[in-house]
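Next up: the same protein chain in two forms, each one alone, written as C-alpha cells (structure 1, then structure 2).
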Structure 1
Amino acid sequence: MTDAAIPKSPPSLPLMARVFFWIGVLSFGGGLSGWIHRQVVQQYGWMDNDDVLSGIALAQVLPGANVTNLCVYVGYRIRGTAGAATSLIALLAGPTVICVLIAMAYHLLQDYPVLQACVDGVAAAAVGLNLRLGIVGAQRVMPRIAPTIAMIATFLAVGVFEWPLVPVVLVIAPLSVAAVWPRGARDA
C-alpha cells in the first residue's frame, strides 16, 4: 500500500466501524457500493473518486460479494489490515442480526401488503443508488475513447443482447486493458 492511499490523518477504527455499520444497517436490496462511494469520497474524504472507482471495478471481478470485496479494499486502503477487518465486520454485523430476526418473523408478516410496499420502495432506492454510481463511473471514462467503447460494448452485449456476463467480460476486459496500457515514454 502506498502512502498516497492513506489519508494524512486516517480516521479512527471506531469511526470507520460506525460509518460501515450504518451503511450495512440502512442499505437494503443493493446500492451499497454507491453509498460506500458517497460516504468515503464525498462525506468523509477518506479516498479520492478514482481510487474508489478502481476498487469497485476490482471488487466486481473478484469472487465473492462485490460489496464485501469493496469494503475490504476501502478499509485496507484507509487503515491497512485493521481497517479492512473493522469495515467488513461492521458492515456485516447489523444486517446479519436483522436478517436473522426478519427470517424468524417473516412467516408472521408475509400476508401484510405493507411489507411488499416497503420491499418495493427499498428496491427502487437501491436501483437509484446503482444508477448514480453508474453515471459517476461513466463520467470518469467518457473522456477516453477505449474505455468508452468497452463500456458501451459491455452494456450492449449484456444489457441489450443478453449474452452471458462471464464470456463478455473475459473478452472485453483484456481488450480494454490492452487499449489503455501504458506504452512507454513516447506516449506520455
Structure 2
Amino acid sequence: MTDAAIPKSPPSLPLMARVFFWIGVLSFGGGLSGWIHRQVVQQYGWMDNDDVLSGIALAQVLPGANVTNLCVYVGYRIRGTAGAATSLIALLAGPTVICVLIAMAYHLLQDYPVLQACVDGVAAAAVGLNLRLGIVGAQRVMPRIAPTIAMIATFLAVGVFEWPLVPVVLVIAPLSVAAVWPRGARDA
C-alpha cells in the first residue's frame, strides 16, 4: 500500500533534478511547498494528493526548513534515497548561488540610502510574515493548556532570556510531547 504512490515507471533523476531546480530558482518570496505540491501532483502526476499532504505534515513536525524536508520526502517517495538526494541538491543549488550574488551586489551598492531603506523595509515586512505564521500557530495551540505553556516557555527562554536553543528544546520538547501523549484510549 505504501508503494501505491510510486508510479510504475518513475521519472529519471535528470528530469527530477530539472523540475526541482526550477522550483528552487523561481520560488521568490517563499511558498515553495505549495509549488512542489502542484508540480509533483498536478503537473507530473508522480505522487497522489494525500501522499504529498502527509509529507507536508511530516515536514512541519520534523526539525529543519519545511520545504527541504518536503523535498526530501517527495524525492524519496518517487525514487528512493537517490531521488531524495537529487531533488534536495537540485532545489538548493540555484538559490545558494543567487542569494550570494544578491549579497555581493548589495555589498557594492550599500551606500545608497534608498537601498538601506529597502533593506530595512523588507526586513520589517519579512518579520511580519513570520509574525503571521506565529499567530496562526498560536491560534491552534491556545485552546490547550499544556501546549500553551510550552509555547510561552519556549518564547521566554529563547526570545527574552536568550538562553541557548539546543538545551531549551531538549528540555521542553519531551515535556511538551509527554503532556499530550495519549493515555489509554484517547487523549482529551
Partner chain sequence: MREDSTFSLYMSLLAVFVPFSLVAIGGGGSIFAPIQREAVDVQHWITGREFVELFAIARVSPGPGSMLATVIGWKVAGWGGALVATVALFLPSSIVCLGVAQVWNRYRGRDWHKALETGLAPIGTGLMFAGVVAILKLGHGGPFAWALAGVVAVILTWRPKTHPFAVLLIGAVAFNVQLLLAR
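Think of the rigid core as the biggest set of C-alphas that the two forms share within 1.5 Å after superposition. Please note that residue numbering is based on structure 1, beginning with 1 at the start of its sequence. All values derive from a computational prediction rather than experimental measurement.
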Structure, 1 versus 2, that is the form predicted alone: 1
Rigid core fit then Pro14 CA moved by 2 Å or more between structures 1 and 2: no
Rigid core fit then Ala65 CA moved by 2 Å or more between structures 1 and 2: no
Whole-degree rotation of one rigid part against the other between structures 1 and 2: 47
After superposing on the core, C-alpha shift for Gln110 between structures 1 and 2 in angstrom: 6.2
Between structures 1 and 2, how far the Cα of Val136 shifts once the core is aligned, in Å: 17.0
